[in-house]
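In the block that follows, a single chain appears as structure tokens, in the form predicted alone.
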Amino acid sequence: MSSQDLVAAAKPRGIIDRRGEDVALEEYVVSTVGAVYERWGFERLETGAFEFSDALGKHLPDQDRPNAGVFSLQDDDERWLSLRYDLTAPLARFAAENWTSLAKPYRRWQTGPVWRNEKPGPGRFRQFTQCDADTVGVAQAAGDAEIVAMAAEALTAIGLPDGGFGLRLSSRRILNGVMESIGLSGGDIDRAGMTVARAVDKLDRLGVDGVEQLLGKGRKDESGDFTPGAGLDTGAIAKILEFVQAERGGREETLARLAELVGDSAEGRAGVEELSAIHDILSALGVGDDIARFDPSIVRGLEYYTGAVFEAELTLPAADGGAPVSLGSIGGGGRYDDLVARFTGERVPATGFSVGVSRLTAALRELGRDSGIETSGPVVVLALDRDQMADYFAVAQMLRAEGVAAEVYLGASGMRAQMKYADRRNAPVAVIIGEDERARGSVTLKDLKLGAKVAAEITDHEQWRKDNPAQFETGRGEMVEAVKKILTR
């Protein structure tokens, strides 16, 4: 093959490859979170990766450009299909399609990859895994409170330490009330509301100055790209900024301040009452201000949210004992009462929460919080004599028959390279069968984990050869039990 025929070994931006340990960590997170969801009575659901683009509805950043924000293609019927942007739109479609046969409220959890055609960055991927739980058919704030309390339990179950995460809650209805108080109403809120919401949602990343620019004429980022703003006047911008910084010492104090800001707005007062009911239930469930707090800057960027919204962030205690340091969002959700109605024409209330599994596992790796997830390769049976391959395979099969992962080395290298291969495979044990072992009907087992530990502690080579506890000989009949003992240790 000529050099002109070679294809570059490269992957698209925002797409990552994951090997055994990364996959194991992600599977651990999903299984742990899923177990909590099921303990709270949620049924598992799986939907396909593709949906009709129009089924995504308000997920699409631009209805006229169905490939902006999502990955889309046309099928042979010239209908636009899109890879799912998240797991909520497929749920809405499924609920509408099967509503008559579902137990209502419908409580489901789901996990799987989603795709977003957005600019990737640190911790932000174009393909990533989510793990969601949603309740469809519950209008009362008790449904939101339950979701938040369950999310707190799930994040604790993963193994995050005390103070290692926090949940921040607010309501889109309160923001609507504040916008009414600055003179926006009806269709004005519909037109300007998402621009305002998306600006407020960037407070953590851009700071007050950046949000102020997006509420006004707009903002140019570091790359030179310009984002048009909401076009609000100075007084209106000041009121919005006052709202997003309205958090006080605890949930009750923040509620009191928000009630002042919404004034006579019926929509705003309804949002405050909604958060008040959530506060009462969270308090009854033992979820205090240290775990879940009210933060008006949380609005969530997606358009379909209609009420309570929540976001989970990974935190670290400050070295000086001050406020925790945020390491970014690892999940979020909220109430979306209009999404199913796109299919049925009837309003169906719904609320849910999504754990950003890929982002969370990347953060756990970076923080060294993945040490409790043990991963191990297979036992490696060395192939020292090519004429004895059938025997090596028989030995590996003995191990596999007893539930022990095992493989035979199939390369062409010698013993030293085979041992190096076993190390790279993260093998716990190497099985060695040479002429002497074969004559005695035995095998030599090398405990590679213990061997690495002992080697780090012993400096005398002769002592190592004499007292090496990590390598011993055993009969073939006792091999499986001996390997199991090593794996247990």
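So that the term is clear: the rigid core is the largest set of C-alpha atoms that superpose within 1.5 Å between two forms. Start at 1 with the first residue shown and count on from there. Remember, predicted model here, so these are calculated numbers, not experimental data.
If you look for the form predicted in complex with another copy of the chain, you will not find it shown, but the lines that follow are about it.
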> Is there a heavy atom of residue 81 no more than 4.5 Å from a heavy atom of another copy of the chain in the predicted complex?
Replying inline: yes
> Would residue 47 count as a contact of another copy of the chain in the predicted complex, using a 4.5 angstroms cut-off between non-hydrogen atoms?
Replying inline: yes
> So in the predicted complex, does residue 415 come within 4.5 Å of another copy of the chain, heavy atom to heavy atom?
Replying inline: no
>> Please tell me whether any heavy atom belonging to residue 280 falls inside 4.5 Å of a heavy atom of another copy of the chain, as the geometry stands in the predicted complex.
In response: yes
> in the predicted complex, does each residue in the set 20, 285 and 425 place a non-hydrogen atom within 4.5 angstroms of another copy of the chain?
Replying inline: yes
> 72, 156, 227, 329: which sits within 4.5 Å of another copy of the chain in the predicted complex by any heavy atom?
Replying inline: 72
> So which of 359, 293, 107, 300 gets a non-hydrogen atom within 4.5 Å of another copy of the chain in the predicted complex?
Replying inline: 107
> another copy of the chain isn't shown here, but in the predicted complex, which of 360 to 368, 230 to 238, 245 to 253, 403 to 411 has heavy atoms within 4.5 Å of it?
Replying inline: 403 to 411
>> Where, within 8 to 23, is there a heavy atom within 4.5 Å of another copy of the chain in the predicted complex? Residue list please.
In response: 8, 9, 10, 11, 12, 13, 15, 16, 17, 18, 19, 20, 23
>> Taking the rigid core as the reference frame, tell me whether residue 397 has a CA displacement of 2 angstroms or more between the shown form and the other one.
In response: yes
> Does residue 158 count as moved between the shown form and the other one, where moved means a C-alpha shift of 2 angstroms or more after fitting the rigid core?
Replying inline: no
>> For a quick test of reading the superposition: does residue 145 move by 2 Å or more at the CA between the shown form and the other one, rigid core aligned?
In response: no
